[in-house]
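What follows is one chain in structure tokens, specifically the form predicted on its own.
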């Protein structure tokens, strides 16, 4: 008999997309249809749109409303990636303070409401996926988890278990296993690359089967950001030099501003008052007319709400360079016209640092498990970044093609979280 048979939601809260399943009365309930406006109704884009402080839209509807409202208001994407950033407390919409915990809690609450409506019951327990590491800094990683606990409480969950996403993917794959195997699971999302080494077998699950879990906070969004940091941000004032009044010091646009400009999760915060006023001061004191023009383009991007569209075009460029030798990035909004050609070689070269850190975390995972590459029976990769050719090729070089299995579907982590909910009810986790 189950130790705890209370209904439990399984929530794959992702940087880019989120899904919800459930474990109710001993029954595993697969992905629920939580977004009626999406092409795949079981998958809701992790988006919040506030046309004003007292109204919020979610998922696909958030994007369509944002466009229909002429991109007025605030659209938030990739906000999960702020969790380990202790200096980021939240934002202000009109005069309303919205903490990061409340922002995430608002989204989780909407997932909870929609799932409850589909199930026809109230649910106060949840198993929620988490990356292996929100941050390489242990303190920041713990801060991120504490914030997620607060967000879950804000959403109305009274009992929560957080399960590492690569472990959840392993639980999903476990259902296919007939003989004992030593498996490496790699789960690549928008914000993190996560790994687990686990012994999988058809017998009852034991915590001892999990040999190690590791990862790093770099994945799809980090690969998107390199296009800005290496080339495109120069069109928006990245290289600007300026001199403040009554000073002889020549200064460059601060790195903190550039970090926000380069990342899809952070650039929206350039609109916040203090930052915005500072950039206006830089524009006023810029030494070159070309720098003033570039900063004017940055203001136009912010004021005309073109940030989301610009990064969508960057993501499309990244995907196209996975199968093409080069690709022409073209953005045609009046005043922001941008035409740049990127090569696959540039993409590979610029991504070298990201790739190195991803595979350092893989090496660390195997070292913690005290196993070698040769001892791994099977490698199972999930998530979009696993399909990036130079990522996949590195796995082939280390493990060989015959041990590599790449899954394209987005539901493996959710399926494993539902299994985790079942294990929880039996006191196994």
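Numbering follows the first chain given and starts at 1. Note that the coordinates shown come from a computational prediction; the quantities given were computed from them, not determined experimentally.
Omitted here: the form predicted together with a small molecule. The next part is about that form.
In the model of the complex, at least one heavy atom of residue 16 sits within 4.5 Å of a heavy atom of the small molecule. Contact annotation for residue 174: none of its heavy atoms lies within 4.5 Å of the small molecule in the model of the complex.
The shortest heavy atom separation between residue 383 and the small molecule in the model of the complex is within 4.5 Å. Within this chain, residue 315 lines the site of the small molecule in the model of the complex, having a heavy atom no more than 4.5 Å away. Interface residue among 221, 214, 291, 101 relative to the small molecule in the model of the complex, by the heavy atom within 4.5 Å criterion: 221. 387 is the sole member of 387, 41, 65, 403 with a non-hydrogen atom within 4.5 Å of the small molecule in the model of the complex. Between 327-335, 139-147, 269-277, 183-191, the stretch whose residues reach within 4.5 angstroms of the small molecule in the model of the complex through a non-hydrogen atom is 183-191.
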